[in-house]
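One chain follows as structure tokens, the form predicted alone.
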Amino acid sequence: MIKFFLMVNKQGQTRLSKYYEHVDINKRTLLETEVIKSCLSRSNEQCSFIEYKDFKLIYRQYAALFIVVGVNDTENEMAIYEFIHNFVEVLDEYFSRVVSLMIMFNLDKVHIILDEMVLNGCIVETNRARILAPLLILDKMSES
């Protein structure tokens, strides 16, 4: 099960965070700082899976953007690794280009995409067309 989902730039600034378990705001800040520090300090040659406290971190880097997913011990690391890639492909299909500024200015749409893919910490959809369908309907409604 997914515990949290983070999108972070190379400077360590969180661009998107979504928690699937309750974590106090003060603890979130500390958790994000530690998680980001541990991921950003690793080289490209090192594994993208990290054992951290009572869960695992799976992360992927796309240019200046890091996507970090915290999962429990029973989750399949490769499945989450591919989920991250699928998420970026969906963003790329919708926005044409995935960059930090795009996420900041379209945070609501990025959350809609993530909510279509993950429900209560479980991956429920991976089909790009079905993930983007609600967003495309919203876009049509806002145009008219």
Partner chain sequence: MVAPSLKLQDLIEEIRGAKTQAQEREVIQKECAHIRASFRDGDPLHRHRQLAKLLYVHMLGYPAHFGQMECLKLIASPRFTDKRVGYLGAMLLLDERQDAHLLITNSIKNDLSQGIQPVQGLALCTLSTMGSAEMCQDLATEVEKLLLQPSPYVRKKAILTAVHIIRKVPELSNIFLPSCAQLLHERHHGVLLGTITLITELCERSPAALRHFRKVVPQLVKILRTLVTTGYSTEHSISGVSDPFLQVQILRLLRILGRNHEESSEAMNDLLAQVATNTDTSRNAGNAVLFETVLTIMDIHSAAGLRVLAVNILGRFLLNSDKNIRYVALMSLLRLVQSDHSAVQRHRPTVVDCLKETDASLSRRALELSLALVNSSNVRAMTRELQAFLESCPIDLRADCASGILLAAERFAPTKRWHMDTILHVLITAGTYVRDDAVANLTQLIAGAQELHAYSVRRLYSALAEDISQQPLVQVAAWCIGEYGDLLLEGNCEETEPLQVEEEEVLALLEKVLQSHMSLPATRGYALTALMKLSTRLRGNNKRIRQVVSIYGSCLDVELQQRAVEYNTLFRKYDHMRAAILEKMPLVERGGPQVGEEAKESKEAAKLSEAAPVPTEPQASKLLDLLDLLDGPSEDAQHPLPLDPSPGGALVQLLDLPCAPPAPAPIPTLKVFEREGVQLNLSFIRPPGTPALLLITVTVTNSSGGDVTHFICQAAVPKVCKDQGLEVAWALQEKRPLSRRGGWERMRWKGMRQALGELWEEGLEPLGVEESSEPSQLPTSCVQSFQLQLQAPSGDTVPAWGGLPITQLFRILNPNKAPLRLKLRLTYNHFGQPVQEIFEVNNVPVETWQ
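Model, not experiment: these values are computed from the prediction. Residue numbers count along the first chain shown, from 1.
Note that the form predicted in complex with the partner chain isn't included here; everything after this is about it.
**Q** Does the partner chain come within 4.5 Å of any heavy atom of residue 61 in the predicted bound form?
**A** Because no heavy atom of residue 61 falls inside 4.5 Å of the partner chain in the predicted bound form, the answer is no.
**Q** Hey, in the predicted bound form, does residue 31 get a heavy atom within 4.5 angstroms of the partner chain?
**A** Outside the cut-off, so no.
**Q** Is there any non-hydrogen atom of residue 10 lying within 4.5 Å of the partner chain in the predicted bound form?
**A** Although the partner chain is absent here, residue 10 would stay clear of it in the predicted bound form, with no heavy atoms inside 4.5 Å.
**Q** Counting only non-hydrogen atoms and a 4.5 angstroms cut-off, does residue 51 reach the partner chain in the predicted bound form?
**A** Yes, residue 51 lies within 4.5 Å of the partner chain in the predicted bound form.
**Q** To test your reading of this chain, name the stretch in 33-41, 114-122, 91-99, 62-70 whose heavy atoms come within 4.5 Å of the partner chain in the predicted bound form.
**A** One stretch meets the cut-off, namely 114-122.
**Q** Across 80-94, which residues bring a heavy atom to within 4.5 Å of the partner chain in the predicted bound form?
**A** Contacts from 80-94: 81, 82, 83, 86.
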